[in-house]
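Next up: just one chain, as C-alpha cells, the form predicted on its own.
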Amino acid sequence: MEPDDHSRFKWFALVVVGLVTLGLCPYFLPRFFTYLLALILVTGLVATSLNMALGFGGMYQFHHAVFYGIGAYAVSLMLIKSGLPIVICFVAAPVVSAILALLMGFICVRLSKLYFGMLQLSLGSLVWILVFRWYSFTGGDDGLHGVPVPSWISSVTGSYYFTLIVSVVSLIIMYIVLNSPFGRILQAIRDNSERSESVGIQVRRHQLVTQVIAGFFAGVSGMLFVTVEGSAFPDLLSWTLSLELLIMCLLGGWFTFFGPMLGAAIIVSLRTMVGAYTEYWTTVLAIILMLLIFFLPEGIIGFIETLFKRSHASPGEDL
C-alpha cells in the first residue's frame, strides 16, 4: 500500500469509528449529554459551512449567522402557520437561506476582503433588526417557541439521530464540493484572486456560488436547531453568534475541513460549563480569541498537521 493510500485508510477508519461511537452514544450517555452532542453537531455544521467561504474561499464572512437564523425561522414559521407537509417545511429552511445568501452575495461580491465583510455585516444586521422588531410575524424579541415538530424527532434521542444523519450527509456533500475542481478553483482564488482572474477564472461568480452553498448548509443547520430546541429566536441571527462561529473556525483550524467541528465541540462545551457558573461567557470568549491569535494562529488541527509534517520530513527537506 502506498503511503498516501495508507494515510487515507487511517483517516477513513478513524471516521468510521467516530460515526459508530456517535451512533451508540444515546445508549450510554444521560439525556443531557445526548442533547449537548446534538447541539454540537448542529453548531459544527454551521461552522463548517462558514469555513467553506472563510477558510477555503478567503471571503471575510462576518455575519454568517444570519443564514443560520433565517433557516430556523423559515422552518418554524412554516410548521406553525402553513400546515404543509413536514418535508416541504424542512426543505424550505435551506432554500430560503440560500436565496438570502444569493441576494446578499450579489451585493457583497462586488467588494473584497474587509469591505466585503463590513458590507455583509451591515446587511445581516438589517435582517436581524427586521426579525427582532416584526412582532406580528416573527414574534419579535420573544421569538417562536413550542414549534410543532413530528413525534418521531420530538424526543431527545429522535432529534439526536435525525441531526446526526443529516449532519453526516451534509458534511459529505461539502467535503465532495471542496475536493472537486470547483473547490480547487475556490482555493486558488483565496490564495491569489488577481492571478486567478488573469488566467480566465470568473472570481465573482465562484464566490457567489460559494456564498449560496454556504448559506444553504447554514439553513440546514438552522432547521436542525429547531428540531433539537423546538424554538427560534433573534439571537440566532446576531453578530455575536457570527463571532462565535468565526472563533470556532479559528480554534479548530480554518484551513482544514474538520477544524470547525472540533472548534464547535470545544466552544459549545465550554459555554455550557462556564454558563453554569457565570453570565460573563463573552469574557471567556474574548480570552480564547486572544490566546488563539498569539499561540495558535493555524488552529488546533492546523498545528497538529504542522507537527506531523515536520516529524515526517526528511532531514534536508525545507518545510
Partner chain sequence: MDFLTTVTSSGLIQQFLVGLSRTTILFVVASGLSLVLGVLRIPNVAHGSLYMLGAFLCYSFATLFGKNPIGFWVAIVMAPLGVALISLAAERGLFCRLYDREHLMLLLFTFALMLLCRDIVKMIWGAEYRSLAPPVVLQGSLSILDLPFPKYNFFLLSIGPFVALALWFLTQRTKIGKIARAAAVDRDMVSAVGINVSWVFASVFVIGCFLAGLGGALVAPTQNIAQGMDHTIIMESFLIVIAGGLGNVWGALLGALIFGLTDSMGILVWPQFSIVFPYAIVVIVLIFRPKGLLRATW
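Numbering follows the first chain given and starts at 1. As the structure is a computational prediction, the values presented were derived from the model and not from experiment.
Not on display, but discussed next: the form predicted in complex with its partner chain.
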message: For a quick test of understanding: in the model of the complex, does each of Val87, Leu178 and Val212 have a heavy atom within 4.5 Å of its partner chain?
response: no
- prompt: Of 236-244, 220-228, 163-171, 69-77, which is the one stretch near its partner chain in the model of the complex, taking non-hydrogen atoms within 4.5 angstroms as near?
  reply: 236-244
query: Contact between Tyr280 and its partner chain in the model of the complex at 4.5 Å, heavy atoms?
result: yes
query: Can any non-hydrogen atom of Phe62 be found within 4.5 angstroms of its partner chain in the model of the complex?
result: yes
- prompt: Is there a heavy atom of Leu29 no more than 4.5 Å from a heavy atom of its partner chain in the model of the complex?
  reply: no
field: Arg133 within 4.5 Å of its partner chain in the model of the complex, heavy atoms
entry: yes
query: Looking at Arg205, Lys81, Arg195, Arg110, which has any heavy atom no more than 4.5 Å from its partner chain in the model of the complex?
result: Arg110
field: Ile201, Leu121, Val95, Val156 - the one with a heavy atom within 4.5 Å of its partner chain in the model of the complex
entry: Leu121
